[in-house]
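Presented below, as structure tokens, is a lone chain in the form predicted on its own.
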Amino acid sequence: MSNIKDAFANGKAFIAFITCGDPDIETTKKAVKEMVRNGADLIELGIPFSDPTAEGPVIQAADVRALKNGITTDKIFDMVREIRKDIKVPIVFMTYANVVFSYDSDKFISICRDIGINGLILPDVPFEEKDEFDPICRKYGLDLISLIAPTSEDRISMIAKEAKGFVYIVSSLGVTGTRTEITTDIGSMVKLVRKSTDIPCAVGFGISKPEQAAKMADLSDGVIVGSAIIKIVAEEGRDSISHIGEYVKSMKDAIRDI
């Protein structure tokens, strides 16, 4: 089984996010396989939640559609068991504390280990409260991924020192979603992180175009793209697979030789 660091072993990493169960679980399965086939180095699977506070309208709408269509955590676990037969790249879950807590944190994280999940991203758990989940993640060999935002400032070094897997650098204030321009000084954030750790840094929130991906990859170790992929799913539904593949290929190609 691959480790998260393997995603960064061959140049800049392309990390692709998708909401599980939108429009249905079969489409998610096909989309994950297509994204890996077209160069995704790590897959971030979103477990839908009724109140996703870090998400913009695109991913919020995907969560609503998936929940309406009857998606459950157990169905997502079953899907991962199936795709793990073919997919070898690292996979992490992105969800909210309540999803893990209400399932039973120990049980949820132990199942993650058993089905081949490498890490967990919980955007509503601040660094100061991570001890509710981090010891359980360590117990089962999962990386609890730390997020660093432009407002983290003097906390960046502290967060980076304890980071596992990769450091998720939030490019912009606010929620997820595509942006025409990213104005945050990502370079200085990455420098601060690298003073404290040699764990890779990947930039997410707002990246949707190949030229943005290239610019962010030049400053960091990889890029994370979610809303732009979810938009394709929203527009094309079950017919989105080839479109997702083309999009992922264009983004991976943009960062390949940086």
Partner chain sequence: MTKKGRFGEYGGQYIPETLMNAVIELEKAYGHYKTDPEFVFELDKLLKEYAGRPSRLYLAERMTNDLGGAKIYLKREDMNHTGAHKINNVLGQALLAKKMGKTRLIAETGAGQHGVATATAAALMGMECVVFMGKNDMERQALNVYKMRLLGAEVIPVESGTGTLKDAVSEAMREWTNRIEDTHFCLGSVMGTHPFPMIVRDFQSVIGKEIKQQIMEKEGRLPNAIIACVGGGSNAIGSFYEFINDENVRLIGCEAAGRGIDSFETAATINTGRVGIFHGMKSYFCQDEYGQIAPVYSISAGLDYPGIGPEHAWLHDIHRAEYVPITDEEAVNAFEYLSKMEGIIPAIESAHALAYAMKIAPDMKKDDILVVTLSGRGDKDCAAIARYRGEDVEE
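All values reported here derive from a predicted model rather than from experimental measurement. Residue numbers count along the first chain shown, from 1.
Keep in mind the form predicted in complex with the partner chain is missing from the figure; the text below concerns it.
Residue-level contacts in the model of the complex: of 212, 28, 60, 227, one residue has a heavy atom within 4.5 Å of the partner chain, and it is 60. Although the partner is absent here, residue 126 sits close enough that one of its heavy atoms falls within 4.5 Å of the partner chain in the model of the complex. In the model of the complex, the partner chain sits within 4.5 Å of a heavy atom of residue 51. None of the heavy atoms of residue 84 is located within 4.5 Å of the partner chain in the model of the complex. Proximity of residue 186 to the partner chain in the model of the complex falls outside the 4.5 Å heavy atom cutoff. Across the proposed site, 55, 132 and 149 without exception bring a heavy atom within 4.5 Å of the partner chain in the model of the complex. Stretch-level contact analysis of 85 to 93, 71 to 79, 113 to 121, 136 to 144 against the partner chain in the model of the complex, using heavy atoms and a 4.5 Å limit, identifies 71 to 79.
Within 4.5 angstroms of the partner chain in the model of the complex, the stretch 83 to 115 places a non-hydrogen atom from each of 97, 98, 99, 101, 102, 103, taken in sequence order.
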